[in-house]
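Shown here is one chain on its own, the form predicted alone, set out as structure tokens.
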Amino acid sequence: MALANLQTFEDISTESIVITKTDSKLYLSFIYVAIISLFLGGLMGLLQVLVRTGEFTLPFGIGYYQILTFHGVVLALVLTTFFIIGFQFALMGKTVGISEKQRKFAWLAFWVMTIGTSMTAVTILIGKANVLYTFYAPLKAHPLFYIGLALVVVGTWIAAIVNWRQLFVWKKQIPNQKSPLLAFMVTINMIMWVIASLGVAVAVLVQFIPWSLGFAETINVLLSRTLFWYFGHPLVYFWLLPAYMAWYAIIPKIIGGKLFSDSLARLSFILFLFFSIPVGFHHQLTEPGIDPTWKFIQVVLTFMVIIPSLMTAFSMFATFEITGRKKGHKGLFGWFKNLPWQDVRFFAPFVGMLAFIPGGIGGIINASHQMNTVVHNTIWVTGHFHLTVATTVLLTFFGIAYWLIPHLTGRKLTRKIHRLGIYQTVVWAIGMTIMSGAMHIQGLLGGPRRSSYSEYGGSEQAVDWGAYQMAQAVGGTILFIGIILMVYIFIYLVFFAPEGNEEFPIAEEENHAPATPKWMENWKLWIGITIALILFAYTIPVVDIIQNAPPGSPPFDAIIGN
């Protein structure tokens, strides 16, 4: 059925909402925590790659796994979550508005998350939580580590409820209008986040906290890992979808174009909601105790995510070409040559998009049962992680920061910062290419991940890894230079840039794009299908894991320096 024949929303124009200084303070607070996390977590990453050369020893009795845990938790969980929540609040505030009561609850979310983060960070820094960011049992951390993580999750749930309330109130005021695209996307992302984080919340509250407090002698290791990866894979899409929000709805405005298709963008986000969660077993393909049939089913579901990813790639390059040709650029690639390469708001996210090509291919390899056996638990996986999250996602977040921060602070993005931002992006791309490339190659040669420097008894294979570990140190050092540049840019944009008005770029849809059908906002249907897929993929194997569980494990609380 053609979209034109379906019931569609009325075309009602709505006025753009002004972000007040009070609102800006809220949104910036989340981003302040994210930038501090970037610096501290990045510093720990630099120390790690230096240690892994075998030429550097940590001072003052600091342990390798201490800084590894801090690096993973602070960058993968704190930096990303705070930036995303702050960015999403800004998107909701700009498109549907925020009431005083909603703002108060948003502040509550911020403080709950900040208190939880502080508790978790302190336990890591004092060496009581050397359990890495996956906190796999039976490694045991101090109870405050898990309680802090639980508070961070609770804070995000408060933020989700505020976002949903913002859209609900707006829809009541304008009942026949489709939700603003960015508000729709934020709502999808927070639905996915809340459903996914229920898994880690159950693991932390039911298993880890009682176990760490001594109320339970053992823990069901397989169940805890299954609950983690029920959460852990959609966590990746919780990071990626805000980048997609910028790609779909912000970048077209920056390059002087329009959104290719509102319907296509919404459909891709609905598909991400369906297929991001019931796929965690592809992280446990070598794990005993899970029926291979259910691993196969979840691998198939994992590959379904490729569809909305390709839809996004098609939409982006269609937008680039249509915009270029409207501007009169001729030839097969004239539109490409004339993209605004000097505009850092476009350049940084575009480099992030390019990184997603090898990153996505690596993800397909990781999720393929046979190829996974080659790279599983090798540093290849670390390289893949840095290519996707630390390049695609972070470069897009940097691109967002170049317009969002001056808009919120009432300052201008100057030519000087444009140039410096271009240099920062190039430095980041070079550093990540060297470091991530070396990790991928060392992984193919069998180099393990999650491990400190070791000569492994002088084995010949370990000797072969030395050059790649040195390359990782070189790449990591370049990346830290990129972090210093980004921190400088952030401080300049907040405190020293000239005052002015920087736009909040939100693209309009192409004039002749099909109208968005009303079924796109059938929230009960989308949530129902999502839950049905999760129940299908997880019910039988989880019941099997519980009913046929081997004896639980006592805690290992001294194995890696705790």
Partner chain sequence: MHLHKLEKWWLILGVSALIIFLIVLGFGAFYMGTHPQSHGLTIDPNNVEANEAFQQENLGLTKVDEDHYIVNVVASAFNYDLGVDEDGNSVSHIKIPKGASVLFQVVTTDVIHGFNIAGTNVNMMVEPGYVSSMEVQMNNVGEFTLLCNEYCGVGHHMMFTTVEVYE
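These numbers come from a predicted model, not from an experiment. Residue numbers count along the first chain shown, from 1.
Heads up, the form predicted together with its partner chain isn't pictured, but that's what we're talking about next.
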Residue-level question: is residue 373 within 4.5 Å of its partner chain in the predicted complex, judged on heavy atoms? yes
Please run the contact check for residue 553 against its partner chain in the predicted complex: heavy atoms, 4.5 angstroms, yes or no? yes
Please determine whether residue 276 contacts its partner chain in the predicted complex, using a 4.5 Å cut-off between heavy atoms. no
Could you confirm whether residue 65 comes within 4.5 Å of its partner chain in the predicted complex, counting heavy atoms only? yes
Contact test, all of 137, 267 and 364, partner its partner chain in the predicted complex, heavy atom 4.5 Å: yes
Report the stretch among 117-125, 93-101, 286-294, 180-188 that approaches its partner chain in the predicted complex to within 4.5 Å, counting heavy atoms only. 286-294
The one residue among 433, 377, 338, 414 placing a heavy atom within 4.5 Å of its partner chain in the predicted complex is 377
Of the residues 369, 327, 171, 165, which one places a heavy atom within 4.5 Å of its partner chain in the predicted complex? 369
Using a 4.5 Å cut-off on heavy atoms, what residues in 233-266 are near its partner chain in the predicted complex? 260, 263, 264
